[in-house]
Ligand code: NAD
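Quick heads-up: it's one chain on its own, the form predicted on its own, in structure tokens.
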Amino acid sequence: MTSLAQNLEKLPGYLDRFRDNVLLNHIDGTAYPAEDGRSFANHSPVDNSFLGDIARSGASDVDQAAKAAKKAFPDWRDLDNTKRKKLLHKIADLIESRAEEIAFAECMDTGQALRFMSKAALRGAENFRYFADKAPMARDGKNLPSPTLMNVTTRVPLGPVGVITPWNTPFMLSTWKIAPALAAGCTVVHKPAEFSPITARLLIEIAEEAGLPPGVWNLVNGFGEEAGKALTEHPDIKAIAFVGESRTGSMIMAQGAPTLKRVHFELGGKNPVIVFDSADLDRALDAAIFMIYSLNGERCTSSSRLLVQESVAEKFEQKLVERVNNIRVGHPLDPDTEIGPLIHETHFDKVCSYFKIAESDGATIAAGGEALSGDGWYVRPTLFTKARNDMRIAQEEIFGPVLTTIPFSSEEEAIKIANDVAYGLTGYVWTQDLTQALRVSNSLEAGMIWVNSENVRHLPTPFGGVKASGIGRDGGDWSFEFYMEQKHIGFATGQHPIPRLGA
């Protein structure tokens, strides 16, 4: 394993080209600055160092990208699916060949620790491989015979689609959205988050190196209220796939309504992990800690509310405090680092504001609860205890390395507390009682539930939430249902009677 010093020596070779040149849009196979020449500076959350200037796109840039996607759509739609499969596998190969470059760029752009980002490229490649293998079957349908007709169904690609991705794990989530869109036969306009734009550029370079035709995949950088809004309102864009905050999702839905856009939203969460007294407490402790403190707590599926049965709560919390205080905070490229800095000053201020909110609401700060001095946006891993579910720290998505614990006495109370939030993305249940696991998982208002496990994503399964956590599902055929239209064709099998009006 390389050291921090060795990793820092490699870094200039991966990032200097972004510092020396404006990171441009990529439209119809060509790099372009924003039409009006505007740009904005991108700084690393690690030490506030300058990473480069980024094109600040407006409506005219989005229009150019949407028209390129529209022009490229017929040929891409009609491409033989076996050729599409081969091309997507080639993208996966090239992603793997640049895995370290992608990981280093992601660490410096987002603040995520290398121990997690070292796998980002591999997960991205896995997404492309999975959907590459599904591409030849994307249009498969059903035979639904009736007495007079042979009814068949098929799926056809929707058209040009917009993909708006978040700043927390941008590379992996970009591949999670774009790979199925391309496999389905759609063309893409991608707008990455302005806080972490670098790996989006690497990804589209890889795609075109693999042989993706110009215009099939277009990249526009910029801010949500400018480039993002223009994309969601553009009449040539048939659907928007968005990952981000619930409030932004509702804005996108309103912006796309006049053009009747299809939307897929993967939004926020305030996810419960419920630990019953029959659980394997050591494994439950490991999973609860991992699911809130990994990825700096900046993950939609984080287990940010820990519900512990009263009979084991005191002992469980004692171990929890000790573990949280031992979590290593440091430079993302240090292999020993478990938590790096938060993404940006704006988000840092938001997360830190909850330390005072917790105290004013009457909760106890059992660990952390403070920022770290020096350059970069670092906070100590934080644990709130003696909380109630009506407190803001239990209701609002903090999206940082902050855990709130809430005791419960009975199964019924645990379910009530777990469901008493606006969100419904995931739930985690820890119990050795099988019938209890069945009852609780059936009663939780969440799109995904794991029993005696942390979040382990399996690509064929549906991924998504209910309530304020989203609309639609990713994964397997669920992705194709979003990026494709169902078509029914009925073939008459004989001379069935047809009513003769006016004969």
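Source: prediction; values computed, not measured. Quick note: we count residues from 1 along the sequence shown, nothing fancier.
Just so it is clear, the following notes concern the form predicted together with this ligand, a form of the same protein that is not shown.
S.K.: With this ligand left out of view, which of A193, I289, A179, V308 would have a heavy atom within 4.5 Å of it in the model of the complex?
M.R.: Looking at the other structure, the residue within range turns out to be A193.
S.K.: To verify the annotation, which of these, D390, D80, E225, E322, has a non-hydrogen atom within 4.5 Å of this ligand in the model of the complex?
M.R.: Looking at the other structure, the residue within range turns out to be E225.
S.K.: In the model of the complex, which of the stretches 112-120, 163-171, 353-361, 94-102 has residues with heavy atoms within 4.5 Å of this ligand?
M.R.: Residues of 163-171 come within 4.5 Å of the partner.
S.K.: Can G268 be called a contact residue for this ligand in the model of the complex at 4.5 Å between heavy atoms?
M.R.: Contact with this ligand, yes.
S.K.: Mark W430 yes when one of its heavy atoms lies within 4.5 Å of a heavy atom of this ligand in the model of the complex, and no otherwise.
M.R.: No - in the model of the complex, heavy atoms of W430 and this ligand never come within 4.5 Å of each other.
S.K.: Taking heavy atoms only, is N127 within 4.5 angstroms of this ligand in the model of the complex?
M.R.: Looking in the model of the complex, residue contacts with this ligand do not include N127, since no heavy atom lies within 4.5 Å.
S.K.: Answer yes if any heavy atom of A371 is within 4.5 Å of a heavy atom of this ligand in the model of the complex; otherwise answer no.
M.R.: Flag for A371 set to no.
S.K.: Looking at this ligand in the model of the complex, which residues in 226-251 have at least one heavy atom within 4.5 Å of it?
M.R.: G228, K229, T232, F242, V243, G244, E245, T248, M251 sit within 4.5 Å of the partner.
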